[in-house]
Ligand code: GLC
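One chain comes next, on its own, written out as C-alpha cells in the form predicted on its own.
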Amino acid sequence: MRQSELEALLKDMSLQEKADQLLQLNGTFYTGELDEIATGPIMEMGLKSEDICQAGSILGTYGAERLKEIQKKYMEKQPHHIPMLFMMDVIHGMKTIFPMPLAMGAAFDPSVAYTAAEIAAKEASVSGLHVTFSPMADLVRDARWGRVMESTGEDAYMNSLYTAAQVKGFQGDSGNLREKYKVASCVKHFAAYGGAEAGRDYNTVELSEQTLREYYLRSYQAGIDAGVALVMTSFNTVNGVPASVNTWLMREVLRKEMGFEGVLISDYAAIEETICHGVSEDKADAAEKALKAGVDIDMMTSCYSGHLAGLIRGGKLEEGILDEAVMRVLQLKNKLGLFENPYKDADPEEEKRWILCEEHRKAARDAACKTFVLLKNERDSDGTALLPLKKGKRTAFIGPYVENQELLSSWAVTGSKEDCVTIRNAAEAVLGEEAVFACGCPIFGNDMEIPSFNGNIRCDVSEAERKGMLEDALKKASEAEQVVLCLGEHSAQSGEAASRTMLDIPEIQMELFREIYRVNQNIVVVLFSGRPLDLREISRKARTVLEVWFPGTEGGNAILDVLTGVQSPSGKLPMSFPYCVAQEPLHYDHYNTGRPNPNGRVEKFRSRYLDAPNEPLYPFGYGLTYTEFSLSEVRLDREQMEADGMIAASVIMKNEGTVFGTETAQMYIRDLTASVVRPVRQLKGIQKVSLMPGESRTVSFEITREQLQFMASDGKEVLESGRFAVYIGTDSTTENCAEFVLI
C-alpha cells in the first residue's frame, strides 16, 4: 500500500477507531466466547465490545490455524478491514529453544545469537506471528535482578554487538519485513531497566545522565542502527519520571537524538502503572501524558481506547498527535505486507516442516556447546583432569537435573519441556552401562515456594522419600570412580519478577553436595542457573565446575558433547560471578576511586571490604578450555596515534596443550588521564581463535578513534589526547599490556 493510501485510510477512520488501533490485548480476548469475555476481562478493563473488534494488535497467542482464524474474523468486523498485528515473547527460540540470552552472551560470539534469532523468526513466522518482543538490550550489573538471564551481560560493547546481531537475525540483513520467515524485532526496555535499585524488579532507577548515555543507551542505539522496527518502554523511572510518560526520554532522546522512527510500545500495563508511580492522576491523565511522550501502543490497559477520543474532543490533545501514532502502526503493518497478505507466513504445513526439525535442533545443540563455561578443572600431579570424562570409568550422574526437562529458562514461554533432551537421555546413549543415575534430592525443599507464570511451585517430598533418594545417591557415588553432580537454581528462580537477595543454590542441594563429597571427592559439578551464583563452597571442594546455564531443547546432548570431549568448552563469563552477594552490583569496568585497593593489600584507609575481597570469584571474560594457551606480549605497530589514525595491536597465541581448542582473545583499553573519570578498562575487541596442538597464530586488533572516544560531562562524545593502555588477554584481569599516546 502506498503512503498516500495509508493517509487516505487514516483520514477516513473515526476517533475511536484510531484510538483502538493503539490498543493491544491478550489473545484470550479472541479465543474465548464473547459473552464470557464481556462479563470478565472487558468489564475489568473498562473496554467495550467495539474495542475488541478494532484493537490493532494482540499478544500471547500463536499457531498458524488459530491466528489465521482470528485474523479472518477480526477483519470481517473491523470497520476498514485493517489487519491485526500478532506479537509474542519469542526470546531465545520459538519451539526449538536455544540457550538463554545470558548464556549466548557467554559464547562471546554474536553470530550464535544471530543464528538463534534467524531460526526463531522462521518458526515464529510460520506459526502466524509478526512481532517478537526481543532482544532485551538492557545493561545488567546486578545479579540479584532476575532478568539478567534475558540480557547478554554487564558490558555495553558486547551488548551492542549482540543487540544488532539479534535484530538482523529476526528481521533479515536487508530489513525487508515482507521477506518470508522474517518477523519485526522489538528492542526493550527503554531505558535503563537493568539498573533497578537493589536488583529488585520494577524498582526505581537512579543514574546520572552521563552514566545513562555512556553505558546504558549504547546497546539500544545499536538496535536502532540495525533497523529495529519497534522499541518497548521500561517500567522504571528515568530522572524521576516513569519511562512511559517521559517526554524528554522518548521524544528528545529516542526520537530526535537516536533517530528512532518506528513503533514505540509500552510494556505490559506500564501506562496505567504511572498512576501507582504517582505522576498520573487517573487513566485519562496517563493516556494524555503517554501519547504526548510518543508511546504508540498501549499494552493491556484501556487508557488509550477509553480516553483518547474524549481527550481530543475536550481539547486536551490535538488529533494530529493521535494521527502520528496511528500512522506508525499502519506503516508497520504495511512494511510486513499485511494489507496485501494479512496472514503473512502463517502455514500449518510449514509449521510441521520447520518446528523442531533436525536442522534447528542441531543448531541449538551447537550453540549450547559454545555457551558452556568451564570455571574449574583441577588436575592431578600427573596432569590428569576429570574432564573430559574418560571412557571405561564408572560414572555416577547424580542430582535433581539429571532427569529434569526444565532446561528452557523462565522466558521460553512458547517452548515445551517435553521436547528437551535430558542429561540421562544423552548419557545413556553415549556411555551406556558405564553410567548410573540418581536424583539425590528435589531441586528445592518443602520450606520453599516459588511464584511462576503458571502458579506457585512447591516441592512436596516426604522426609522418607528424601532419605531414600539420598541413600540411593550415596550408594551409587561410593561405587563410582567419578561423579557428575548436576545442581542449580530452579528456572523460575530467575527471570521477570524473580529478584533474589541471596545468590545461593537451594540448601537441600548443598546438603546433597556435602554428603556426596564425603564419599567421593572426584566431583564434576554441572551447574544450571539463570544468573551468576555464589559458588564459594562448590568452587573450593569440587574438582571441576562447568556452568551450563539453561541450555535449551538440546541441553542434554550438548552437555554430554562437552563432558566427553566431543566439543571443548570455549565459553566466557558475560557477567562476573561474585565472591558473595554483598558485592552486587558488580562489574569489571568500574572506576578506580581515589583510594584503590590493589589485590591482596590490607590497609585501613582504602576502598575495600573488611570481610571479603573487592574482586569477584570469577571475573568477566573468564573461562577455561581442555587445553592450554599462551599469549606473547602485546605489540603495537607504533607508539603514537593521530586522531584520525589507527594503531594495530597484536599478540601471538599458541596452543600449548595436546588437544584442539578455541580461545577468545579479548582487547581492553584504558584511558589513563581524561577530563572525566574513566573505567579501569573497557572491552573493545574480541576474536575467537581455534588452534590445533602446537599451532600458533598472530591475533591483531585495530584501534581507531571509535574505541577511544567517550561521553563527556556535557553529554557530547569527545576524543582527548593523552596516554592509553592496551590489554590483550583471555579475561578482564589480564595484565598483558602496552601503552601508546594519542596526539
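Sequential numbering from 1, following the sequence displayed. Everything quoted here is computed from the prediction, not taken from an experiment.
FYI, the form predicted together with alpha-D-glucopyranose isn't displayed, but the following is about it.
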Which of 473-481, 584-592, 229-237, 245-253 lines the interface with alpha-D-glucopyranose in the predicted bound form (heavy atom within 4.5 Å): 229-237
Answer key: of 339, 517, 268, 343, within 4.5 Å of alpha-D-glucopyranose in the predicted bound form (heavy atoms) is 268
I need to confirm a contact call. Of 372, 170, 411, 220, which residue comes within 4.5 Å of alpha-D-glucopyranose in the predicted bound form, counting heavy atoms only? 411
Decide whether residue 299 counts as a contact residue for alpha-D-glucopyranose in the predicted bound form under a heavy atom distance cut-off of 4.5 Å. yes
Residue 141: touches alpha-D-glucopyranose in the predicted bound form, heavy atom cutoff 4.5 angstroms: no
Check residue 307 for me: does it contact alpha-D-glucopyranose in the predicted bound form (non-hydrogen atoms, 4.5 angstroms)? no
Residue 147: touches alpha-D-glucopyranose in the predicted bound form, heavy atom cutoff 4.5 angstroms: yes
Across 122-139, the residues having a non-hydrogen atom within 4.5 Å of alpha-D-glucopyranose in the predicted bound form turn out to be 133
